[in-house]
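Single chain ahead, written as C-alpha cells, the form predicted alone.
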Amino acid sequence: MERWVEETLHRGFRVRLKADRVLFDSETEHQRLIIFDNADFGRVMMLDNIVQVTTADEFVYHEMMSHVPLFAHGRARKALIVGGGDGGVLREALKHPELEQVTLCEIDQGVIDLCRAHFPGVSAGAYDDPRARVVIADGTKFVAGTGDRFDVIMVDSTDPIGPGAVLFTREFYADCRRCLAPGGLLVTQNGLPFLQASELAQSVGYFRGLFGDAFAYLATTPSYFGGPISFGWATDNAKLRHHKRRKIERRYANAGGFPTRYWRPDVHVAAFALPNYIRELVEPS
C-alpha cells in the first residue's frame, strides 16, 4: 500500500510526498519526526509535518545560510549556529579555514543522533571536527546567558511553530545582538515571503529596531514549496551586504576555493537583489 506524507505548514496550500520507505516515524523529546526515502528528493526529514531537509537539495539552504554571512564578514573567527541539528550548516561553515570555533546549539539531541545515523552525508564528519563545539540547550537560553561573543550567528531554525516559535521573537534577537562581537552579523531562516510575508516583515522589523542595517536575501530550495526562501540579515555594518563580486571572489580564493553546488560569488551578490513584493516587506514604508 502506498504511503504519502503531507506537509501541513500553510493554511491554504498543502503538498504530499510519497514515502517509498519509512526509516523512522516517532516522537522525539520535543517534536514529531519522520524520515523516509522519496524517488525525487532522496532521503527526507520532516519535523511536525514540515519538510526540514532532503538529500537532493540540502546544499542550497546550507551553502547560502553559511557562506553568505561568512564571506560577507570576511574576518570571522567564532561563529554560532542555533538549531541546525542535521549538521549541514556546520559542515559548510567549517570549510572556512579562518574560523577557529563553530558552536552549534541544538535543543534536541534526538535530531542530531537520527541525522548522524540516517543523513551521514549531510554533516559529512563535521561533528567530529575539533573546531566544532556542540551544546544541547534551548537556543534562547543559550544566547541570553552565554559569555561568549560571536562574529557571525546563523539561526537555522524550524518555522515559528512548536519549539521554534521562540526563535522569532524580539527578545531572542536582542539577546543575539548582545552576544555578537563588534561588527558582527546575524542571519536567520525566515520562510517563504510569498506565503509567509508577515514572518519576514516581523523579523526584519525587529532587526530594524536593534541593528543599524536590516535586510534579507534569497535562495531557491525546491523542497521548500511555495517560492524562494528568505534569510533575515542584521548587522551594524551596512557595508557587509554591499560588497562587489570581486571582493567576494578574493575571499573565496583565500579560503581555498572549495567546491560548491549553489553558492558562488556572483550568486552571493545577486541574492540581495529582491523583487519588489519582497523588498516592500523589508524596507520601511
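Sequential numbering from 1, following the sequence displayed. Quick caveat, the model's predicted, so the values are computed rather than measured.
The next section is about a form of this same protein that is not shown, the form predicted together with a small molecule.
Though the partner is left out of this view, Y224 does reach within 4.5 Å of the small molecule in the predicted bound form, counting heavy atoms only. The small molecule in the predicted bound form comes within 4.5 Å of a heavy atom belonging to Q52.
Although the partner is absent here, M45 sits close enough that one of its heavy atoms falls within 4.5 Å of the small molecule in the predicted bound form. For L167, a non-hydrogen atom is located within 4.5 Å of the small molecule in the predicted bound form, even though that partner is not displayed. Stretch 77-85 is the contacting one of 93-101, 77-85, 202-210, 176-184, since its residues have non-hydrogen atoms within 4.5 Å of the small molecule in the predicted bound form. Of the residues given (Q31, T260, N237, N38), Q31 alone sits with a heavy atom within 4.5 Å of the small molecule in the predicted bound form. Checked against the small molecule in the predicted bound form, the residues V122, V111, A214, I153 give one hit for a heavy atom within 4.5 Å, which is V111.
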